[in-house]
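Before any questions on how it binds or moves, here is one chain, the form predicted alone, in structure tokens.
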């Protein structure tokens, strides 16, 4: 179990919380501006040439690489950092600061029109090596602290950290390679989206990270140790299914793809069951309950929307945008809420929690409604009149609620 940092949190937890919530506030502010432009497109003239297309990657990547990623970076720091080292907090601040600096410079590049054009891998030109470089800085600190505390770690603990370091060393190169404009994953030829195999593999990787979170955060297992074997066994079986599923450009009409992706339905009960085996602090439990709610919706709707008939109708409408917000603003944000409570030793008030969850429910519901309108009346939707305009205006209101909630979340966590 890791030693506690300031305020009963974990080493490096304060830096990770401040940067991750800072990016949440910034990315939400940009999101509100984008929502304004959808209701009143002419407002964009005030900031020309910073158009919608230039602000969009700032919003998307600020959420992914800032808000969604940095709490996981905080969990890595909590697990790896030697709490006895006098400069542990400074090293955490430098690692997280390098990450945020790379993302900030990336935002400048995207606002300047330097982008790959690939959503979430927009790193291009001079910005392409920035985040991989920051990842190497983080890796160097993790490796150094592993070396410093090697004699005080158990054999299993040392072996686990060395294995993770080996995996992490490949991530910067993988990101750099994926940012190449000529590199594309397999494509479903009948929908233009991802294949079932690709969705299964990426989701299983995330499930593995979320299964490891309690141990990385240093939580005490009360039933978790007895649940490791069955959960790990189920995870490995799903990877076997992934290995047997068809690769390449495979249609969602293929039964094997539908069945392979359906393996994720097993994780609707398994992931919350695995989390429940650990002693989470009281302030984290409401966030975990919310995460469970969003997880059920995310996996179920993801599989149903992949089925023939549904995918063709809604794949590239606002339903897809709503599903992304369900994942990031709903599930990931709720998990991050629990993680930040552990990292900082601080729980936010119920007002922040309720505002965030209510705003997310409204935003996701409005996105799905917009997708239905978009499918039924594409011409009317593009014209921006009637029902579509009302829904877009309500979406703006929901975005403002989330923006205000995120600012209060940052203030309550980082300024007390």
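Positions refer to the first chain, counted from 1. Since the structure is predicted, the reported quantities are computational estimates derived from the model, not experimental observations.
There is another form of this protein, the form predicted in complex with protoporphyrin IX containing FE, and it is not shown here; the text below is about that form.
- Heavy atoms within 4.5 Å of protoporphyrin IX containing FE in the predicted bound form belong, among the stretches 340-348, 74-82, 196-204, 285-293, to residues of 196-204.
- By the 4.5 Å heavy atom rule, the three marked residues 299, 306 and 320 all count as contacting protoporphyrin IX containing FE in the predicted bound form.
- This chain is drawn without protoporphyrin IX containing FE; in the predicted bound form, the residue among 358, 387, 34, 372 with a heavy atom within 4.5 Å of it is 34.
- Proximity to protoporphyrin IX containing FE in the predicted bound form, defined as a heavy atom within 4.5 Å, holds among 329, 95, 131, 274 only for 329.
- Although the partner is absent here, residue 250 is not a contact residue: none of its heavy atoms lies within 4.5 angstroms of protoporphyrin IX containing FE in the predicted bound form.
- Contact annotation for residue 402: at least one heavy atom lies within 4.5 Å of protoporphyrin IX containing FE in the predicted bound form.
- Protoporphyrin IX containing FE in the predicted bound form comes within 4.5 Å of a heavy atom belonging to residue 52.
- Taking the partner from the other structure, protoporphyrin IX containing FE in the predicted bound form has no heavy atom within 4.5 Å of any heavy atom of residue 19.
- In the predicted bound form, the residues of 56-77 lying within 4.5 Å of protoporphyrin IX containing FE by at least one heavy atom are, in order, 59, 60, 63, 67, 68.
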